[in-house]
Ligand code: C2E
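As a starting point, one isolated chain is supplied in structure tokens, in the form predicted alone.
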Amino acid sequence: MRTFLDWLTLRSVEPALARAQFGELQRQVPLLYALLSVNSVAVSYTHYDAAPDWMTVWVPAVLVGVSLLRLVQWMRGSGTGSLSEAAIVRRLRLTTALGAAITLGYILWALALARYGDDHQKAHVAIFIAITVIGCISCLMHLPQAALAVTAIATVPYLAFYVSPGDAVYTAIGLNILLVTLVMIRALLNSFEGFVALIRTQTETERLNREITKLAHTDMLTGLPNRRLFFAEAEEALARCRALGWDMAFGVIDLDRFKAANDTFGHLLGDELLAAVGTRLATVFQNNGLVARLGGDEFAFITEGRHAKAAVKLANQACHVLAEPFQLGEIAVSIGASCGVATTREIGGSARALYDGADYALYKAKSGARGFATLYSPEHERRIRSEHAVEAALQTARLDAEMEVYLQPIARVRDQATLTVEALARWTSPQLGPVGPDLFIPLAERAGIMHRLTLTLLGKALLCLERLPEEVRLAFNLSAHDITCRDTVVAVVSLIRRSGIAPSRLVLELTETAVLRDFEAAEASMRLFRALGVKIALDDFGTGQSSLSYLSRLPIDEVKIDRSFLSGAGDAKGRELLSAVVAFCRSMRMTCIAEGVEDEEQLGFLASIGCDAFQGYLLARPMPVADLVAWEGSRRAGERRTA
């Protein structure tokens, strides 16, 4: 009984089913009220001369007025999309109650009217009631509670009035109508079962589609939106902000030292680390914007209606949160993050254009403000335009004709005798003029021509070496791409062998950053060069993030101390640090070379702490090979005169 009452009062109705029922009733119920109104007017007309005016005019006028009012309410009612589930259920209950009440009014009026007139008029009333029952069942089939209530209210009084032992015709009519009603009720219930099954299938399909869509747009590792969803949302947010006149910020976050942690602790812990990063970022950007994982250790965010300073502050907050150690089981891992931010104040166009600007700002952050956020600026825009021009010129450059090698000597601290000359690339573009190596070397890597550029410059450097005394060696820089590319390494070895130069006269310089990009590949390449007889130098020591354990594994012969150590040697702490670095190199049996020496005082300090060699403007600036030969010749002639 409780189950039946819950069904009758719609307490157990499923939300999706109730919404579908209401939608169907909006199309059907107005037809029911129209049918009742028209038929009641017809019955009133046929009984106008036989019954009192209040029964043929005023009562039907009230009933028709109520019906037309409900008809208008249903036709003007809002769609289901604007109603809550509770509001829909309340309206369905109201429909059941009002339907029963209005039907009861019509039936009582019709039965009272049947007492007047002849048999034809009485038969008209019987037909009216039968049509009412059939119409109610047909139009309320999607709300069986209302259909059954209305059918019972109409059928029971009808049978009580018409079925009697004294009138076989009306008794037969009543029983026939009862039979038809029962059949239609059974058909209604069958149809409603099919309707329920259809709605449940649609609901389940929609749920599965939502799940599939969510999976397609969610990064499974972190639970954050993935690249596809993020850029789609970014485009919508960009259009919305422009329509409202708001600012929009786009940020790109890249983890620092993640690769080292991933290589050290394994990929499983690396996945846990990324998941923990996603959790922290979700907390930072909760109610502040949308954050997503774009791939690897790269994340991004967008904020709407925030000025540039507020967006940078939020980005710095994210960097600060990610700099705090992560406790993963028994392992504590410290990484960090850098961020680039671009806003619609500086960049127009699509979300992709904002991403490119933020990515460029990120590159600048990693170069000069690691661990913090950098805001894209007009200066960056000019730099990008310049880089695009340089990259386009590189693609069409005749490297043999346009590239030149300058040489800068490296001398022994003790007697300033020239030990090595470092080959430095110089490029004079016919379109752009002189272009610095700090600009065109990274762009050559990006453009995919680093392999060709390296071989061109090395070939020119080896030709220069043929003009120098045999005791002078040549130092040549290899990029991160060179040392990790098997084809380039093999080509360099082949070029050295074909040159006829003794491999022992060559020193290949690598940066810590280049080595750590792919440590295993770099180590294998370095050991191949060492087996050939080439010396290996670690350039810009102290600016990268290598650990002492890495240095002990690598076949390094020389260490070039970055010029920042020497410029900081003006105070006691700076001198102590430089002394410690030199002592470390000597303990590792590595030749120690100081870069950026510019005055005699610096040279004297290097001699006092036991540094092996130095390089810088105090000794000589980079110069063409002919000038270097002349410079070296004049030095040696001066030494002979002094002797």
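The first residue of the sequence shown is number 1, and the count goes up from there. Computed from a prediction, not measured in an experiment: that's the story for all the values here.
Although it is not shown, the form predicted together with the ligand is what the next lines describe.
Although the partner is absent here, D539 is a contact residue: one of its heavy atoms lies within 4.5 angstroms of the ligand in the model of the complex. Using a 4.5 angstroms threshold between heavy atoms, P437 counts as touching the ligand in the model of the complex. Contact between Q408 and the ligand in the model of the complex is found at the 4.5 Å heavy atom cutoff. Remark: S525 does not count among the residues lining the ligand in the model of the complex, judged by a heavy atom distance of 4.5 Å or less. Of the candidate stretches 419 to 427, 225 to 233, 290 to 298, 517 to 525, only 419 to 427 has residues with heavy atoms within 4.5 Å of the ligand in the model of the complex. This chain is displayed alone, yet in the model of the complex one of L478, V390, I253, M248 has a heavy atom within 4.5 Å of the ligand; that residue is L478. Think of it this way: in the model of the complex, the ligand has a heavy atom of just one of E509, D219, E346, E272 within 4.5 Å, and the residue is E509. Of all the residues from 586 to 605, those having a non-hydrogen atom no more than 4.5 Å from the ligand in the model of the complex are E595, G596, V597, E598.
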